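Given as structure tokens, the chain that follows is alone and in the form predicted alone.
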């Protein structure tokens, strides 16, 4: 189950990438806490994480300002992630133990029910575990560390795909091709399947950001109210 801070990040990242929150928009702790009906603690945590990912520029003790995300820089990072993770899938196919492969297969099977139930939150949680297992399966700490750093930095961009048709189903199908290749110890096929998966996501992210910038000067509809979040 995603934390309150993670949910706030997902909502705000969607608004930043979708153009609802333009570069320079202020994100004040007090205002966000009132909007999401939570204390300032998860809001502060969310803003810190968004600052680390380059979505906002932090203002000490106040909040943050939406950053002007450079499309060229983002494209560079997405391309690097795409190639690194494809290489990790290739190595995992060659190096994973039988137990590790079984763990990957079970994770993929567990997500099938989540696709049918359209449980996006839990799917994204298991999706991270899926990619982490492949990353660990390289048995190369340097390579896996580089990839995890990039995935953490880019996760908000990749997750901001609200309204994408058959999003979970397509992701699950692409994961299936990766799993099949890894279980068969086919490094070349694993590389190609993972590269195809990440390249599709990267293209959607970049297209969405470009579109939002083209539409920024158009009249805006009123932003829908955020879902009520409960602190625990």
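Numbering follows the first chain given and starts at 1. Nothing here was measured: the structure is a model prediction, and the numbers come from that model.
Although it is not shown, the form predicted in complex with the DNA is what the next lines describe.
Colleague: Give me the residue from 189, 38, 206, 67 that has a heavy atom within 4.5 Å of the DNA in the predicted complex.
Modeller: Looking at 189, 38, 206, 67 one by one, just 38 meets the 4.5 Å heavy-atom criterion.
Colleague: The DNA isn't shown here, but in the predicted complex which of 50, 27, 201, 181 has a heavy atom within 4.5 Å of it?
Modeller: Here the answer is residue option 27.
Colleague: If we define contact as a non-hydrogen atom of the residue within 4.5 angstroms of the partner, is residue 172 a contact of the DNA in the predicted complex?
Modeller: Contact check for residue 172: no, nothing within 4.5 Å of the DNA in the predicted complex.
Colleague: Heavy atom to heavy atom, is residue 44 within 4.5 Å of the DNA in the predicted complex?
Modeller: So residue 44 counts as contacting the DNA.
Colleague: Is there any non-hydrogen atom of residue 54 lying within 4.5 Å of the DNA in the predicted complex?
Modeller: Result no; residue 54 lies far from the DNA in the predicted complex.
Colleague: Between residue 114 and residue 42, do the C-alpha atoms lie closer or farther in the predicted complex than in the shown form, with a difference of 3 angstroms or more?
Modeller: Relative to this form, farther apart in the predicted complex.
Colleague: Closer or farther: the CA pair residue 56/residue 148 in the predicted complex, versus this form, with a change of 3 Å or more?
Modeller: The answer is closer, because the C-alphas of residue 56 and residue 148 approach each other in the predicted complex by 3 Å or more.
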